[in-house]
Structures are given as C-alpha cells and as structure tokens.
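Take a look at this single chain in structure tokens; it is the form predicted on its own.
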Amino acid sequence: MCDMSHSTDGSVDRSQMSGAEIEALSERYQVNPMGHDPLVIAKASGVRITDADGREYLDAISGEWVVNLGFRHPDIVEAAVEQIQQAEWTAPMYNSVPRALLAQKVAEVAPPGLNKILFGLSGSDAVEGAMHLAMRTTGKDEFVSLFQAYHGRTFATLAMSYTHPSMYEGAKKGIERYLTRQIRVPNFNCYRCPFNLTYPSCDLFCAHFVDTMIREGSEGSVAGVIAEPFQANGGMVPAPDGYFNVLRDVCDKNECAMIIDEVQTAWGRCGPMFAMEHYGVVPDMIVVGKAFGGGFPLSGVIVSDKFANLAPWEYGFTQIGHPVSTAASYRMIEVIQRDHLTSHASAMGERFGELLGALYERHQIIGDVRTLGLMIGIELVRDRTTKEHAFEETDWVMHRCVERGLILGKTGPVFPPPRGNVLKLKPAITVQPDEVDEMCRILDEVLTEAEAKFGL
C-alpha cells in the first residue's frame, strides 16, 4: 500500500497527497467505468486546472463540457453555498424554491411553446424520460435514431447509440438481450456522406430518408425521432442547413415526436442558448444535461403541454431536481443572460474558426474543421484525398497536448472510444481571446511534431 501523508490527528491530509498516492487508491478501490487517464485534478479555476503534483493545464473541454462558465465561477459557488445554508436536500415529492424558479426560468429561455420541464439526473435518464413522454402521448413505442448517434449508457439509450460492430465488443457485449431494437437511419455528415452525395445538390437526401424508414422500416408505431443538432461523440458533425426543417415535416406527417438531444450543445455552447436556434426549428422536446447543473448533477426534458404526459410514478429518481443543482443552474442561466455570454461564445467561436482555418492551411494532417460556436471538431487524416482515418496520430496528438499543458478530447466518427480521429475542443463559454490563442498555439506546435513523427 502507498505511504500516504497524514495530519497530526491521523486523518489523511488531502492537500499533501501526491498524484501517485491518489492513483494507487483509485486502482485499489474504484471500478473505473469510463476508462482511465492518469491525471489527478486537485483544483481548478476558470479554464485552468492544477493536478495533484502542482502542474497547470489549459482546459479546452470545460471539464467534459459540464462547467460552461468555467470552474468555480463565483456566482455558481455563491448560489450553491446559499442553498446549502437553507436546505441541502428536498425529497422529490415535495417542491423547493430553486426547483420551481428554475422550471420557470427554463420556460422563459426555451424556444416558443416549450414551457415545461421533466427533471432528471443525467443525460441518459433524461433521454429515457423523453421516450416515456413520447410513448404516453402518441401511444406508440418505436424510435428512430441516427447512425453515429450517442444518447447515453442505460439499456434503452445504448440501444440508440452507435452502430458499428465494435461497439458490441465493448459496452454492448453480453447485454444484447436487454437492448430493444430501434430503427437506425444514416446520419448527416457532409464530410463523409453515408450516401456518397454532395451538399447541397443532395437535396438533403439523408433527412428525407427518415420518412422512408418510418414508412418501410418500422412496424407503423414510431413514437419519436431523436437526433443531436451537432453529433458529438459520433465525430463532432453539425447538421447541414435545412436538415431539421425536413425532419420537422417528417415528424408532423408521421405524427411522432421530434426529440432533440442537446445534452452537449445547450446553454451557450453553440452560441445561442440552444443549438436549435441556429436552425430556426422548434422540436417537440429538448433533452438537456451536462452543463445544465452548473457543475452539479442535473438533466431534464423541456417539452410542450402536448407532450407533458406521464402515468403516476412512471418516471422519477430520488435525487431529481436536487436543490443545490437547481440553485446553481438558475444562477448559471442568469449569468449567461447578464454577461451576454451567448454573443461572447459566438465571437470566441469565430476566433477559433479563423485560427484553426490557418492551421488547416499549414497542416496536411487536418482533413476538416467543424465549428458551431464553441462546439469544435478537428478531423485528422493521413491523406486529404482518401480521407484515411488518422487513429494512431490523433491519439498521439491528444496525449502530447496534455504533456504540453492542453487538455482536449477525442471522438469518432466511425468507431466508438477509445478509437477516433477527431479532436474535440469545447472550452468554457467564458474563455478569453488570449486563452483561445494559447490553445491554438499549443495545438499548432503539437501538430507540427506529429507530422514529423509520422512522416505526413
């Protein structure tokens, strides 16, 4: 066993524990369901993280796209402390001030007609909540999801996530009997079109094909179509203009719910409060999570009155609408409005776009750059003509960036983690110009190293 530092009363002195000591504890006592990366975060502020050994990093992923205002934003800290001093817990069958006020605030900022929220704990169970609502309202029980979609890790949401056989070698292996078959349709991806067509001459064939599958590939009982406005874990791919207009018409025609998964894209991440505002289309439901709690566990489904139907005790969890989480969430939305952070996020996204455009010109390893506000994907390839995936190179770049003090992510588009050839950058929407410049400078230098190392 590791020799941990102790205070005079015999308790562990957390401030003196090294990264190696914490890693040893984790290895011995934890089940690590999300993989493992030997980085021990000791403290953080804004977009800066300090590990247990005192090394500082720039965080370009806002703590896995959760702290949209950055770490330890003073307003969030204040709201959480104030609520703890009032009541740290409220049972879900009772109401609370922060929960009621947050529900009202969400209705105020949501797209027109979406005026109620079903609270949840995580993105996965919120997606399941949307499924419940769609089934209760329509009386149907089938769902349509897209290739490369990611909607969660519960049994129901795993069934709608990813399509590649390699997924069954990992998260789905051995639990297939619990995964209800859903209807899969090709996703939008103008860089790697599954139909080998070209936008806009394709006339949004992928969107129209959803209607074909509902008519020909279902049992006539489709309750809803679920899609992300910017496919995240599936390769950081934005929907082309017009896609959701077609999907809205398809859902109306087939009398099923249009469910939009904004777990990763809401709360200013893509510029507006909700990514769907880019497309000018109002869905029947918006699923939110991750950043929704301001760093605390919270998710929800924002719906219209039409889809606000549940049977008694059909859905619910002990900790839904937790008072501290809802208090933090309310304050986060207030700060976004007060500080005009949607406009700021759009401006910083444009800055990233310009800088990454310059990197694209300098580095042949970059096959495509995709941005929507501060939702940013950089696809790395071995050859721009063949678009061969640069899996090994992307993994090396990501880990080398960490060594250089820059934390970023990695994803698809074809294979689920740990494989992937798309770098993910999703910094806090409070990120400043000099921090954007620093992130791009480090990435530029690492890409230069990668091209030399791999002979590209």
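The model shown is predicted, which means the values in this text are computed figures rather than measured ones. The first residue of the sequence shown is number 1, and the count goes up from there.
There is another form of this protein, the form predicted in complex with a small molecule, and it is not shown here; the text below is about that form.
Novice: So if I measure heavy atom distances to the small molecule in the model of the complex, which of the stretches 226-234, 341-349, 130-138, 211-219 falls within 4.5 Å?
Specialist: Only one stretch passes the 4.5 Å heavy-atom test: 226-234.
Novice: According to a 4.5 angstroms non-hydrogen atom cut-off, is residue 122 in contact with the small molecule in the model of the complex?
Specialist: Heavy-atom contact with the small molecule at 4.5 Å: present for residue 122.
Novice: Can you work out whether residue 330 and the small molecule are in contact in the model of the complex, taking contact to mean some heavy atom pair no more than 4.5 Å apart?
Specialist: Close contact is absent here: in the model of the complex, residue 330 is far from the small molecule, nothing within 4.5 Å, heavy atoms only.
Novice: Considering non-hydrogen atoms and a 4.5 Å limit, does the small molecule approach residue 263 in the model of the complex?
Specialist: Yes, contact at 4.5 Å.
Novice: Is there a heavy atom of residue 150 no more than 4.5 Å from a heavy atom of the small molecule in the model of the complex?
Specialist: Yes - in the model of the complex, heavy atoms of residue 150 and the small molecule come within 4.5 Å of each other.
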